[in-house]
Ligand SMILES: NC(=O)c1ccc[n+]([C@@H]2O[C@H](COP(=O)([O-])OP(=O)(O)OC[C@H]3O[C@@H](n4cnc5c(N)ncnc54)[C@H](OP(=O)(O)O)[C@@H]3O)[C@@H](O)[C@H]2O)c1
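Form predicted on its own, single chain, as structure tokens, below.
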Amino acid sequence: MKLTDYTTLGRTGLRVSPLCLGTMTFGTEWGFGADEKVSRDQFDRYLGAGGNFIDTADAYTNGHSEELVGKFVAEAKARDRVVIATKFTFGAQPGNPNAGGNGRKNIYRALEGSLRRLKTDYLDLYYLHAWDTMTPVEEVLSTLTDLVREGKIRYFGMSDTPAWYFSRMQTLAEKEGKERIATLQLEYSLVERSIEREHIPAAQELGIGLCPWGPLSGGFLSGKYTREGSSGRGEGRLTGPGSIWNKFTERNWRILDALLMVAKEAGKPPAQIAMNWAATQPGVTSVILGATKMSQLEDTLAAVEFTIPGELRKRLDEASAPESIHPYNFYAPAMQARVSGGTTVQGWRPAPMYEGAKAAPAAPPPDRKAAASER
């Protein structure tokens, strides 16, 4: 696979690179990230390698990320070439409850600000950044449908939402003739595989692409964090003031140990192995990468140019297999054998393997459309 092996985003005609340039690190307002020169160098390097998918958000570095992306795209005269994705949800005005959330009023407010900062009159992809726990699905769907039909956005997606929420939205869209969700953006990595239980099967059933964030788990899977030392942790955003991430668990250390061994045998940096694993999982369209240094970007861009040997991939799958919990333990092969009376039954595609082994996606029968782009 190469960066120029473009694939369609879910069940759409939009073609994107298998690695998406994440720009949460464009700007230093959050105490980590890259200044304008380094950010520009990363942008130029990514486009120069053939990448065409840029991800940002109105909340990243207090809006500076969008400003830098808009500036770089305009100066490169690349607007028609690049696919720009940004997001709304998080509050922009302290004390104003309607300057955040997923209601119609805030979506229009947020969109106008993003278009201004990005120096464009339309967005290729607009994400709901996170479920706000209260806005009805119907209101969000009707607002985003209106924006598509007004020409202000081309497609929309959901990020960090429950599986039931986006599934209901997609079903209503199909039933009522509204615009459909193009893609999901959720955390997914060797240490965070919980979306395999509900989100990925639902996305595949409903024709939605998957663009995961956090394939390196905030740098944990790069190998720079260790158990040694008084804190057992290295320098990085996972240990910064106010960090919300809790990656330093015994389970995650065991996964990291397995990753380091696989990386050594494969002769590749652990970050490349972890990124490659995520990018080649069934249902994944494009993986969001992030970097604060050019060396990190270079490593990441090379992450899809090789294949992890089957035996080594199996080790990673087994070491990182999600815990078998209710009701998903009822869908494991042993329990399903009781359902089928011990016979072998092949559906229109293999059932999810809830004991950690991932089945290869099968082609749907002639009377059904393909679900999401699968890799």
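All values derive from a computational prediction rather than experimental measurement. Residue numbers run from 1 along the displayed sequence.
As for the form predicted in complex with this ligand, it is not shown, yet the points below apply to it.
Proximity to this ligand in the predicted bound form, taken as a non-hydrogen atom within 4.5 angstroms, holds for one residue of R117, H199, H129, R180, which is H129. A heavy atom within 4.5 Å of this ligand in the predicted bound form is found for one listed residue only; from G100, G283, G219, G157, this is G219. This ligand in the predicted bound form is approached by Y60, whose closest heavy atom lies within 4.5 angstroms of it. Residue contact check for K175: none of its heavy atoms lie within 4.5 Å of this ligand in the predicted bound form. Taking the partner from elsewhere, I288 is found to have a heavy atom lying within 4.5 Å of this ligand in the predicted bound form.
The closest heavy atom approach of K293 to this ligand in the predicted bound form falls within 4.5 Å. Residues within 4.5 angstroms of this ligand in the predicted bound form, judged by any non-hydrogen atom, belong to 206-214 and to none of the other stretches in 70-78, 206-214, 260-268, 100-108. With contact defined as any non-hydrogen atom lying within 4.5 angstroms of this ligand in the predicted bound form, the contacting residues in 13-29 are G22, T23, M24, T25, given in sequence order.
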